[in-house]
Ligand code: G3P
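Here we start with a single chain on its own, the form predicted on its own, put down as structure tokens.
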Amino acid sequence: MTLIMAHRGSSGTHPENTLPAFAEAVRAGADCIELDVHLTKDKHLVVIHDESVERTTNGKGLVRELTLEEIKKLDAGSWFAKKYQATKISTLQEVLNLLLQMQYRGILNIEIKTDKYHYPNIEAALSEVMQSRDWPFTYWYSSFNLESLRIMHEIEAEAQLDLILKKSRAKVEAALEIDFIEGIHPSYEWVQENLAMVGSYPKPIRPWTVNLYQSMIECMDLNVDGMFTDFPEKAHRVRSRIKR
């Protein structure tokens, strides 16, 4: 069965990487919820996709040059729809608290956002939070940055680690050779261009970002292990239809 993986939460229907998007992903029955983690100037783990706050807030500047207090003053929802104007950038802990409150029992995929800037010691900070207690859900780490995954493997040897890529043949080959890489998260375009490899690749493949009905059907027909989508509820309807 192809896992339905809510990309930045239900980001097609709610502002991405925010509590409303994650709450909707839980409600929609996502098998997995994906989020992105950065470090603030004062070393707090916050959930946002970009290195800067411009695209998804009313603020300016790089996450690594802003304090948590400064970031918490920003409106992280109005860009998506006016009714979300009170929405804030969340800390990772706030998202974890929400998942606990909603009794989420799926998988949390934490993307370590170090592909453009490698935050010093972000892996240790992240592992400290995730190993601070037992969670009712499973969690994985993923990153475009192979060095981040190496560091995380040294810190948390048993953690599941997945390598993200667009179309890189070198990364696809590296993932095969490196024992601690559990699977790959390639772009959907890579899947379309490598249909023969999808059926024979010995590690799990979970493409991003699969939003169209036909693309979802194709991924499920190919029996990929999971697919990242901005529309988890739509993906559930497609999967139910295929099962019937």
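Predicted model only: the values in this text are computed from it and were never measured. All residue numbers are counted from 1 along the displayed sequence.
This protein has a second form, the form predicted together with this ligand, left out of what is shown; the following refers to that one.
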item: Answer range among 21 to 29, 231 to 239, 5 to 13, 216 to 224 for contact with this ligand, defined in the predicted bound form as heavy atoms within 4.5 Å; value: 5 to 13
item: Partner contact for residue 164 in the predicted bound form: this ligand, 4.5 angstroms, heavy atom; value: yes
item: Partner contact for residue 190 in the predicted bound form: this ligand, 4.5 angstroms, heavy atom; value: no
item: Non-hydrogen atom contact residue 144 with this ligand in the predicted bound form at 4.5 angstroms; value: yes
item: This ligand contact at residue 203 in the predicted bound form, heavy atom, 4.5 Å; value: no
item: Sequence-ordered residues of 45 to 61 touching this ligand in the predicted bound form, heavy atom within 4.5 Å; value: 49
